[in-house]
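Before any questions on binding or motion, here is one chain by itself as C-alpha cells, the form predicted alone.
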C-alpha cells in the first residue's frame, strides 16, 4: 500500500469515527460534524489522486465510547495516526506536494490538540 493510500485509509476511518462521535454525544456534535466534513473533503480529494484507492471498511477498531473522555481519546488517536501517515509522505515528496503534505500534517496535529491532546515536539513522529 502506498503512503498516500495509507492516508486515504485513515481518512475513511476519520469519517467513520466522527460520525460515531457526533451521533453519540450531543455536546461534541458540532466539533465532530466540523471534523467529519473536513475529513470527508480530504478523503474525496485523495480518492481522485491515489493510484490504487483503498475502500472504506465496514467498521473500524471496536471501541465503546462510554463518555466524552473516551470519544476525545478516540479522536486524538485517529488524528495522531493521520499526522504520522502524512509525516511519511513528507519524507518522500518534494516541491508543492511536500508543502501540501506538511500542511496536512500540521492540520492533523492541530485537530488532535483541539480534541484535547497535548503538544509534542515532532508531530507525527511520536
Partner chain sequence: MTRRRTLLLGGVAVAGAAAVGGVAAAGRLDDVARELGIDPVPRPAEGDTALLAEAAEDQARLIAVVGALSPTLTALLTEQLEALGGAETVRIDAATDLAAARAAFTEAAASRARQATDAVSPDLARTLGSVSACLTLMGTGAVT
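This structure is a prediction, so every number in the text was calculated from the model and none was measured. Numbering follows the first chain given and starts at 1.
We do not show the form predicted together with its partner chain, though everything after this point is about it.
Asks: Quick one: which of 63-71, 40-48, 96-104, 22-30 gets within 4.5 Å of its partner chain in the model of the complex, going by heavy atoms?
Replies: Comparing against its partner chain in the model of the complex, the contact stretch is 96-104.
Asks: Answer yes if any heavy atom of residue 76 is within 4.5 Å of a heavy atom of its partner chain in the model of the complex; otherwise answer no.
Replies: Flag for residue 76 set to no.
Asks: I'd like to check something about residue 90: if you look in the model of the complex, is any of its heavy atoms closer than or equal to 4.5 Å to a heavy atom of its partner chain?
Replies: Result yes; residue 90 sits at the interface with its partner chain in the model of the complex.
Asks: Hey, in the model of the complex, does residue 1 get a heavy atom within 4.5 angstroms of its partner chain?
Replies: Result no; residue 1 lies far from its partner chain in the model of the complex.
Asks: Do residue 125 and its partner chain share at least one heavy atom pair within 4.5 Å in the model of the complex?
Replies: Yes, residue 125 sits close enough to its partner chain in the model of the complex that at least one of its heavy atoms falls within 4.5 Å.
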